[in-house]
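First comes one chain, alone, set out as structure tokens in the form predicted on its own.
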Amino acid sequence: MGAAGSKLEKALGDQFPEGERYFGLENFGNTCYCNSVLQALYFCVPFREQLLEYYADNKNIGDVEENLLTCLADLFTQISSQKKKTGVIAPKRFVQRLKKQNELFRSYMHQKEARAAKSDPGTSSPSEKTANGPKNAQANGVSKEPLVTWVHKNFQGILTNETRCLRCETVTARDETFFDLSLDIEQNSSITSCLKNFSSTETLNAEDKFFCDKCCSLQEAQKRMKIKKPPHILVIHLKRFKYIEQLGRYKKLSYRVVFPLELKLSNTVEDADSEYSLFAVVVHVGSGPNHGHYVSLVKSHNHWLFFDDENVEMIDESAVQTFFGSAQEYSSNTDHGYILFYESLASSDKS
């Protein structure tokens, strides 16, 4: 990538951010999804800084067992400590650990790889076990509460599931944590409308009646999901791969879904708008779920960059909208935003 690297340095010129590194990642055979997510995480600056600090504090501790977090910290440290400003790094140790921990990543099918990262809680468990604290969470044989780490502090939000009995009007609320929001999508829609649908009221009746504790019986009810505590880093997964029963397989939805550079989150419990800024997009390139390619768009120091495995280049901010999707079902454009990373403007102001 010598020529490409020098091209990027030439394009940025005097504007190349001091101390920043822009490195492509080697592909080990269909690891483009992994590479794209790694780039998005690297340019999540609060997470990166805390991970580098964690590595610096723990690199000499022999009893820290290797896990995804230590491998990720090692990779980020490799990138940030490079003498060159641009180049290519092989994330071999991280990919090996990921394949060892999650068998779905051993497959060569792109969509299996993506679903593995989306569905398996094990992909985040090492960070929960080791960051900011000792691994053993037992004292006198009594299990303690799970550690709240900076992984949680950055990415975790809280949803409130509200159910209102239509007979006695009693509202039952149940909180649950989340690290990303998976949103159903529609043609010619937007992230804002998808979020409104996510929080829309659903009526539970017929076979789906709700057991009301106050009425002590099954009753018709209204149910809705609201965001009680928005996370500092909001990760939105667009459900572009849908199982079609008539076809007996998954189909990619190429729908045009507008994702703004600045997002206002209005469907929260407090009804106070939370403002976010887009800093990364993982893009699926291809017409179907079991083949294609993944790339990422990243905002760094007010510049937008395009990461395609080993290759890195600058793009204009206006180019981001070309990844919204296709307004028609059959289109030559198959590059569609799949996972969006937003940072809270409140948390970015603090940092």
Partner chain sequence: MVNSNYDGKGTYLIFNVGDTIFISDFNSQDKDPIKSIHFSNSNPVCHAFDPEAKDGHDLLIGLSSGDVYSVSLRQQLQDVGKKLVGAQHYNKDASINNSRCTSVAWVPEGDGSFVVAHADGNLYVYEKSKDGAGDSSFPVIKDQTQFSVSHARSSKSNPIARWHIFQGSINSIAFSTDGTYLATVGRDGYLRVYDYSKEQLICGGKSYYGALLCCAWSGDGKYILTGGEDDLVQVWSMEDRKVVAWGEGHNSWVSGVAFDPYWSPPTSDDTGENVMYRFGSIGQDTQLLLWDLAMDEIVVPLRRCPPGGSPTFSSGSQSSHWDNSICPVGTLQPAPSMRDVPKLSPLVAHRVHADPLSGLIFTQESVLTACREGHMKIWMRPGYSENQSSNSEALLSSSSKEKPLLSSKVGGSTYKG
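Positions refer to the first chain, counted from 1. Predicted, not measured: the structure shown is a model, and the values here were computed from it.
Note that the form predicted together with the partner chain isn't included here; everything after this is about it.
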Is there a heavy atom of Leu183 lying 4.5 Å or less from a heavy atom of the partner chain in the model of the complex?
no
Can any non-hydrogen atom of Leu75 be found within 4.5 angstroms of the partner chain in the model of the complex?
no
So in the model of the complex, does Ile89 come within 4.5 Å of the partner chain, heavy atom to heavy atom?
no
Residue-level contact is defined here as any heavy atom of the residue lying within 4.5 Å of the partner chain in the model of the complex; does Arg256 satisfy this criterion?
yes
Stretch in contact, per heavy atom within 4.5 angstroms of the partner chain in the model of the complex, of 234 to 242, 200 to 208, 187 to 195, 173 to 181
187 to 195
Taking the partner chain in the model of the complex, would Val45, Glu66 and Asn154 all count as contacting it (heavy atom within 4.5 Å)?
no
Within 4.5 Å of the partner chain in the model of the complex, heavy atoms considered, which of Arg167, Lys264, Lys100, Lys214?
Lys264
Out of Asp57, Glu313, Glu317, Glu49, which one falls within 4.5 Å of the partner chain in the model of the complex, going by heavy atoms?
Glu317
